[in-house]
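Quick setup: one chain, the form predicted on its own, written in structure tokens, and binding and motion questions come after.
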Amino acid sequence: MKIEILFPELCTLYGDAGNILYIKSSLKDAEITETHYQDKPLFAKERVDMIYIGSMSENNQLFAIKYLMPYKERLRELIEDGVVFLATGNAMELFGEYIADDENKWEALGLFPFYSKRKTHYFRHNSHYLGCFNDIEVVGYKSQFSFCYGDFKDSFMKVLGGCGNTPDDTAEGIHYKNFFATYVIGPLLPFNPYLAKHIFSLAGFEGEVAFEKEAIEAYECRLRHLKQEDVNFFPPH
């Protein structure tokens, strides 16, 4: 099994480094390649089983788009071929048509029919999150300066608490074949061992994820908390 982690030096905001640690701890027999900015990606030379990219600063989004743009059609080919992709936090925005704010507009990879709009004037959205993918409930947090707008018929999750791709949307993230993208941070994988196990299985993994018993106990505790009637999904900033 070959796993590629893109830009670990740039894309580990909001605890997303925890996703990388969980991948390494769970997939101990995998060949894991960390591709740093300006390195030629492994996926350009050969087929990998899974690609992960995490949250980054707004400036680093533009670096990542510039880096990945020459490989746009290769990424499309791999997505259609069923390679597992996981993009967390604002990494999802790289795969839309463009990113804009009140004054600027930057072309993105254009692999999915949506665009991202950044808010200005020091806006930041923070919230707890509870959602559902198939029969798997998902817990986590969101912390973002932007939202996504467009066609989300291929959404990842249904929102049960918190906000979706926009504050009024019940659809969250993108799921197409084995491509998964979500604004949920947390970090997502160790917080959601059932989801992690499902995503890893699509790349060929069998067995238990790292610290499975303890991870499930912690997950069930968070899930019970988020289902309480007095939980405020939008706590003060």
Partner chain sequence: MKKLRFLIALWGGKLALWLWKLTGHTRDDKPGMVSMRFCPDFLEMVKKPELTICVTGTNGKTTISNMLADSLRALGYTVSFNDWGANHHAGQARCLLDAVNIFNRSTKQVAVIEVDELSSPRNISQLKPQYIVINNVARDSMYRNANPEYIQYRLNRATKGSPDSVVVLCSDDPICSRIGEQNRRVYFGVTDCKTNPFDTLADDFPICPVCGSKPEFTYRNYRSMGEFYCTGCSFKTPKRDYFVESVSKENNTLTIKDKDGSFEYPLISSAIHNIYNSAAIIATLRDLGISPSDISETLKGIQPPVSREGNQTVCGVEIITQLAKTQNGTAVSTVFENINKDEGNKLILMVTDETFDNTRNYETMAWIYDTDYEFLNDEKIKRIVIGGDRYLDHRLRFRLAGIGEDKVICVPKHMEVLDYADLDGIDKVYVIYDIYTAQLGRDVRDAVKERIMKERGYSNEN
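A quick note: this is a predicted structure, and the numbers were derived from the prediction, not measured. Numbering follows the first chain given and starts at 1.
Not pictured, yet referred to below: the form predicted in complex with its partner chain.
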| query | finding |
| --- | --- |
| Three-residue site Asn104, Phe133 and Phe180 fully in contact with its partner chain in the predicted bound form at 4.5 Å by heavy atom | no |
| Option from 158 to 166, 142 to 150, 73 to 81, 106 to 114 whose residues, in the predicted bound form, bring a heavy atom within 4.5 Å of its partner chain | 142 to 150 |
| Contact label in the predicted bound form: Asn60 to its partner chain, heavy atom within 4.5 Å | yes |
| Distance check, Met50 to its partner chain in the predicted bound form, heavy atom within 4.5 Å | no |
| 4.5 Å heavy atom contact, Gly173 to its partner chain in the predicted bound form | no |
| Touches its partner chain in the predicted bound form: Tyr194 (any heavy atom, 4.5 Å) | no |
| Those residues of 1 to 26 which, in the predicted bound form, come within 4.5 Å of its partner chain by heavy atom | Glu9, Leu10, Thr12, Leu13, Tyr14, Gly15, Ala17, Gly18, Leu21, Tyr22, Ser25 |
